[in-house]
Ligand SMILES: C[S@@+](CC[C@H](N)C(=O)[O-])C[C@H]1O[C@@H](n2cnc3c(N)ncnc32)[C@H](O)[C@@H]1O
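Consider the single chain below, provided in structure tokens and representing the form predicted alone.
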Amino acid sequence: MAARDPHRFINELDDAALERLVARLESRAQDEAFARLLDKYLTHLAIPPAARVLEVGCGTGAVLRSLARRGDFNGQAVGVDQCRTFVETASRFAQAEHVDDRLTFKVGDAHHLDFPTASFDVVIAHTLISHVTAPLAVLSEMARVVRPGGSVVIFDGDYASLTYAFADHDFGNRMDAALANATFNNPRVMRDLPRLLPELGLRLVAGWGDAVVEIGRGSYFKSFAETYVPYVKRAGGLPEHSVEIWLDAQRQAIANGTFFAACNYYTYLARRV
């Protein structure tokens, strides 16, 4: 069976798989490194206090909840996701944090956004573009719904750089690639954006990279492996027994303080011309 990005085909997953992805997204949002990277680009954006913000592929709403908690934001934000479970969960979490007066979550398709042209000041895609069926179509829709002079933010990983330490380097490389291909429809798409953005009427204002690295301890990459290894097994490209040996080795490395894993993440800030 070919690898199938679970986020791309999320509406085909059962309730147990959806619960695992909800837990994964919330765990990632609480990770110190990811919280820092989100805060970095939100601060750089300097979003006007009364701005109207759209997040495409909002998942459980963690990014917009973080925005709503900032003391310098008093605007309105809308999150769109194709998964009804995510949208309902995002609404529930926003209500629990008492930020639901500024946040709205809707079911929708990132490839065909149901909003008028030029209706937002800021449009965000936070770890979305690596999963979608047609990245150019999604970027085109983001460019359409942001107002002239408004900002588009794309944050995502270059998952071809994803790597875990493993004593058998050959199998380790194969496992890194299997994880990237089983989890992301577009693992290298961030390399294409400097070329694609101008074609859509978006001027690149700033871009930077950050390495997310865990050495000795593991939390973000532990959760990543445990969440997505089942999809590697389902794809069938590697012997299931060998995959289990690899996963057990990662857990043991965390337990004895010898763990290593890393991945590069990139942020692009663009402005609608």
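Position 1 is the first residue in the sequence shown; the rest follow in order. What you see is a predicted model; the values in this text were computed from it and never measured.
Although not depicted, the form predicted together with the ligand is the subject of the following passage.
- Between the options V189, V78, C83, A143, the residue in contact with the ligand in the model of the complex by a heavy atom within 4.5 angstroms is C83.
- When contacts are defined as a non-hydrogen atom within 4.5 Å, none of L103, V122 and R271 contacts the ligand in the model of the complex.
- Although the partner is absent here, I10 is a contact residue: one of its heavy atoms lies within 4.5 angstroms of the ligand in the model of the complex.
- Although the partner is absent from this view, G218 stays clear of the ligand in the model of the complex, with no non-hydrogen atom inside 4.5 angstroms.
- Remark: T127 counts among the residues lining the ligand in the model of the complex, judged by a heavy atom distance of 4.5 Å or less.
- In the model of the complex, at least one heavy atom of V63 sits within 4.5 Å of the ligand.
- Of the candidate stretches 194-202, 106-114, 69-77, 161-169, only 106-114 has residues whose heavy atoms lie within 4.5 Å of the ligand in the model of the complex.
- Along 131-159, a non-hydrogen atom within 4.5 Å of the ligand in the model of the complex is carried by H131, V132, in order along the sequence.
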